[in-house]
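Taken one at a time, structure 1 and structure 2 that follow are two forms of one protein chain, written as structure tokens.
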Structure 1
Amino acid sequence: MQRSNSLLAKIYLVLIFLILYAPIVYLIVYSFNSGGTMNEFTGFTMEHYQNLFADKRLLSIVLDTLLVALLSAFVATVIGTAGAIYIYSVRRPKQREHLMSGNNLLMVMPDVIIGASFLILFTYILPVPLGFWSVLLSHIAFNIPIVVLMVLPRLYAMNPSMLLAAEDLGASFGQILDRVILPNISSGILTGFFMALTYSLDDFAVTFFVTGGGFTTLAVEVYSRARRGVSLEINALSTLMFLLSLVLVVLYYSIQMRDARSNKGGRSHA
């Protein structure tokens, strides 16, 4: 019984992965198609990669997109972590609940509404010209609630006696933060950062409204190219981005594994 169960589970898993990755594999294969379209595979070529590297505008958009993603995720992580610690520290449950629903409301709000509100904000209220700064600010804004959601559970998983003990021993707030809270929630902070990074990378709806002044992101550019049929250059680009994220994920896990192993080693020695 146990065996057949695990066999079923394996088949299920393989199936899920097939469904998830088939389109990506398909896309990657066609990035080498000499036919120029996704209709039929006619032969191998590197032409689309050459075109991609010759297309400076597209490459610069990729760099801009990554820059916005990194910076917005970073700032949002700082603000979101501080916000999460504040929400955690609020004593009255009613107030905490209100703060949390305020945070969650931003999560469930349709992107189009958020984007339109930012457009109004930046054109009528705050005199920020549409471009790099407007995109960065709005990405920071929609990334903050995500970070809060990732960090809070780690805070609640902390043993509150540690905080009390630190206070009793005369630690200042800064010391408690530095020695107790941050080390305990660092994995939540990192997860929050990476979630924010991916949100920023693939956001189209909000970004569409606030791009301008020659600044645009990959999502907006690919979408507006789609009217004439997406060229295989985009396939080539997607392939490279997929490989890059694969490398990053592998790197991230190997670092985690190494940390986990060295932690274990340390403890056995003690």
Structure 2
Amino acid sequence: MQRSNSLLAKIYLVLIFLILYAPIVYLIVYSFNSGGTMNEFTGFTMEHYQNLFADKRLLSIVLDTLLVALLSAFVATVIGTAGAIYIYSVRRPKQREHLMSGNNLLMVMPDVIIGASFLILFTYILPVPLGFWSVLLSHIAFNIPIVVLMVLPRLYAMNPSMLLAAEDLGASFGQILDRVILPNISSGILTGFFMALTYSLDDFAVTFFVTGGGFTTLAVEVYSRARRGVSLEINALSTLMFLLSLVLVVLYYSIQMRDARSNKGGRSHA
């Protein structure tokens, strides 16, 4: 009975992965198709990758997208880490719950609503022209709750006696932050940074509302080109972005595994 359940679980897992990854594999395979369409594979070619790297406008959009992603992830990591430390330091449970509810609300809110809200903000309230800065500010805003959620578990996993010992020894807040808190939550901070980077690279809905003035990101550009017909150049670009995402996921899990080994080692020593 147990073997039968195990076999069913494996078949279910294979089916799920087939459904999830079959379109991506199809897209990658046809990025090397010499036929120029996705109807029939007629031979191997690197022509679409050569066309991709010859497209200066598309490369410029890729660089702009990476710049926005890196800047927004960095700023959101700084603000989100500070926010997580503040939430951790709040002593009143009710107040802490309210803060977490406010943070989680942004996580579950539909992207379309967030995008429309930012469009109203930048159009009618703040004098920020639609373009690079409006996209950057929006990405920072929706990345902050992600970083908070990544950092908070590491703060709660810390041994509180370390903080009390540092306070008893007369350490200032800056010294406690620099020598106790940040080293212990570094894995959570790195995880938050990578998650924010991934969300920023992937975002379409929010960016679609706040982009303008000739500035656009890769997700919006791919959508615009796909509406005119999917070219195999887009397949080549999507393949490269998939590989980049794969690298980020591997980095994320490497950090998680290193953290798990570190915690296991710490418990065994204890």
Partner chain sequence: MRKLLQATGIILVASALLLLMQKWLMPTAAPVAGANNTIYFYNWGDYIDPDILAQFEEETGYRVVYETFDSNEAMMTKVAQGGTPYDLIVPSEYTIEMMRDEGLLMPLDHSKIVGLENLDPRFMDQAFDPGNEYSIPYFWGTLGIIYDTRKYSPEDVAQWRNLWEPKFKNDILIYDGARESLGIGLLANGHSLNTKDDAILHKVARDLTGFMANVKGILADEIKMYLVQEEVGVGITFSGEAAMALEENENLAYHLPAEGSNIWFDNLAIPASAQNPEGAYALINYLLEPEIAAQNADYIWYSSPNQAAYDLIDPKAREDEMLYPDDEEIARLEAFQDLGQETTILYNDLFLELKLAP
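Counting starts at 1 and follows the sequence of structure 1. Being a predicted model, the structure only gives us computed values, none of them experimental. Here, rigid core means the biggest group of C-alpha atoms that superpose within 1.5 Å across both forms.
**Student:** Any idea which of the pair is the form predicted together with the partner chain?
**Tutor:** Between the two, the form predicted together with the partner chain is shown as structure 1, not structure 2.
**Student:** Inspect the rigid-core superposition and answer whether the C-alpha of L240 shifts by 2 angstroms or more between structures 1 and 2.
**Tutor:** Yes, because once the rigid core is superposed, the C-alpha of L240 moves 2 Å or more between structures 1 and 2.
**Student:** With both forms fitted on the core, give yes or no for whether the Cα of Y26 moves by 2 angstroms or more between structures 1 and 2.
**Tutor:** After core superposition, the displacement of the Y26 C-alpha between structures 1 and 2 reaches the 2 Å mark, so yes.
**Student:** Relative to the superposed core, what is the Cα shift for Y12 between structures 1 and 2, in Å?
**Tutor:** The alpha-carbon displacement, core-superposed, is 6.7 Å.
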